[in-house]
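Consider the single chain below, provided in structure tokens and representing the form predicted on its own.
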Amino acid sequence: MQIIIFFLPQLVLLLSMVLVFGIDLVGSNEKKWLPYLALAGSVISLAISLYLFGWVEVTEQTVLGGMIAIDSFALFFQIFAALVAGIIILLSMEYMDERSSSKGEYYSFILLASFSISLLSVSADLIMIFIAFELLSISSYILTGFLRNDGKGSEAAIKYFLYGSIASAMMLYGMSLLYGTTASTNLGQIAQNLSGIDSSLRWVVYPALVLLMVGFGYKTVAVPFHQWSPDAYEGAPTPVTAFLAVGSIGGGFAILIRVMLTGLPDFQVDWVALISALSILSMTLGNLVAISQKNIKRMLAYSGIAQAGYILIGLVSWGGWQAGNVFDGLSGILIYLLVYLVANLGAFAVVIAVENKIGSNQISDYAGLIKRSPLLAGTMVVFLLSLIGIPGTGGFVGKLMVFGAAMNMEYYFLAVIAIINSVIAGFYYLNVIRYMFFQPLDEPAREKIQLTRSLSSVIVLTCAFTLLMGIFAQPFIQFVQASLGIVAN
């Protein structure tokens, strides 16, 4: 019974997807309700997840022959997936009404992709990991090219698919090497077998580790596996871009953490060196290339690459879990993902509002936004300051915990590089603020930007949580500390 209750949030997402798709096949009269039905499914899933987290004791265990893990870490990402689904659906309502009549398919794939994130987080076996990984990837490919009459979207989807296919193949080869070495696909059994492995076979693990990181790096948009993201972010429908920037990256980090800590703990020295290099490359390249971007979606794509580099510092700085120690690396990753979720989705909500009005995503089009919509300009400042890491915003808490973990483990060089990159990032974020407040409108008589109820709700709520997480961070820190069931034992 506990197992069934634990999987209720996932089942709700899956059944909501089937229900939305099924009702869409019945006829056209019901289609106007589909977004609200999908939203209801995500809200119910979120409510159940929060209830399970707060009031039901989760016994750490594996089921289905060790393929599925039941722990508070997985429950955190169930909450994460439901939040992403609900916010993306709200962002999509007006946007998709004007651009596509295939609403049933669209909202079904949003729910399916969100379900895939939660499925990734509970996967404790290489076979289950690959299935969940591909389910998320295929859903993302389809969503990226969903607007079939949009040439940019079709091109972005093809590039995304090609890069994803190669990354998946290389990851699968790495999994086969691990299986050949340990005779098991279960992460716990792999770790146990590797601990006593003959020294002559240990060399096989190193190429397996590199190949696994190709797949995980692709999903977390870490350099040099990031090439798909700028084109995919620019060409995809903007709500889908928001999903790729937050949901897909969150799923990638969920499985990266589980594989490294559960399956390869004895090789921590080796994967720390590899991930450190990826972190430095991601932070530096992402920030430097973002400076020259003229399109705000591409700018946010390179910003996301840099943010992934910051998050990787948390895994590099993992040195063991102790109750009350917030600088353990993993706490930093989870709080950073929460902060990134609300700030980045809030920023994309502003981008969608502007795009709906003027049909463009050029940064120069944000000139004089304060006069057209004080709400959009004011909240966008909060989101961008949070992405920089300014005190008083959630981004500061996330970076403090991640950078603090690096200092705690005496990775001073990594922390210094991260701080320098945060300063560089301020240049292109503040450039957007400069346009919104200090650049004059090209046409003084431009109309005001009117917001729909769904968009304004997302913008206000994400802005409120961005500030709340920066000012009253302790409850959120306690929440992520309680989520570390993967390592608490």
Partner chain sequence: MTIPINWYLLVAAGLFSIGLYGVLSRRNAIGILMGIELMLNAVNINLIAFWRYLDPVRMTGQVFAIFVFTVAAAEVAVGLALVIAIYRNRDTIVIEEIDLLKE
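Positions refer to the first chain, counted from 1. Predicted, not measured: the structure shown is a model, and the values here were computed from it.
Form predicted together with the partner chain: not shown, discussed below.
### Message
Taking the partner chain as it sits in the predicted complex, is Phe383 near enough to touch it, meaning that at least one heavy atom pair lies within 4.5 angstroms?
### Response
Flag for Phe383 set to no.
### Query
Would Arg298 count as touching the partner chain in the predicted complex under a 4.5 Å heavy atom rule?
Yes, Arg298 sits close enough to the partner chain in the predicted complex that at least one of its heavy atoms falls within 4.5 Å.
### Query
Though only this chain appears here, would Phe413 touch the partner chain in the predicted complex if you measure heavy atom gaps against 4.5 Å?
Taking the distances in the predicted complex, the answer for Phe413 is no, it never comes within 4.5 Å of the partner chain.
### Query
Could you tell me if Lys357 has a non-hydrogen atom within 4.5 Å of the partner chain in the predicted complex?
So Lys357 does not count as contacting the partner chain.
### Query
Going by heavy atoms within 4.5 Å, which of 245-253, 371-379, 76-84, 226-234 lines up against the partner chain in the predicted complex?
The contacting stretch here is 226-234.
### Message
Quick check on this chain: which one of Ser168, Asn361, Ser100, Thr262 has a heavy atom within 4.5 Å of the partner chain in the predicted complex?
### Response
Selected residue: Ser168.
### Task
Could you spot which one of Asp150, Asp365, Glu105, Glu94 gets a heavy atom to within 4.5 Å of the partner chain in the predicted complex?
Exactly one residue meets the criterion: Asp150.
### Message
For the three residues Ile131, Ala157 and Phe161, which mark the spot I'm curious about, does each lie within 4.5 Å of the partner chain in the predicted complex through at least one heavy atom?
### Response
Contact check passed for all of Ile131, Ala157 and Phe161.
### Query
Heavy atom within 4.5 Å of the partner chain in the predicted complex: which residues of 106-141 qualify?
Residues within 4.5 Å: Leu126, Ile127, Phe130, Ile131, Glu134, Ile138, Tyr141.
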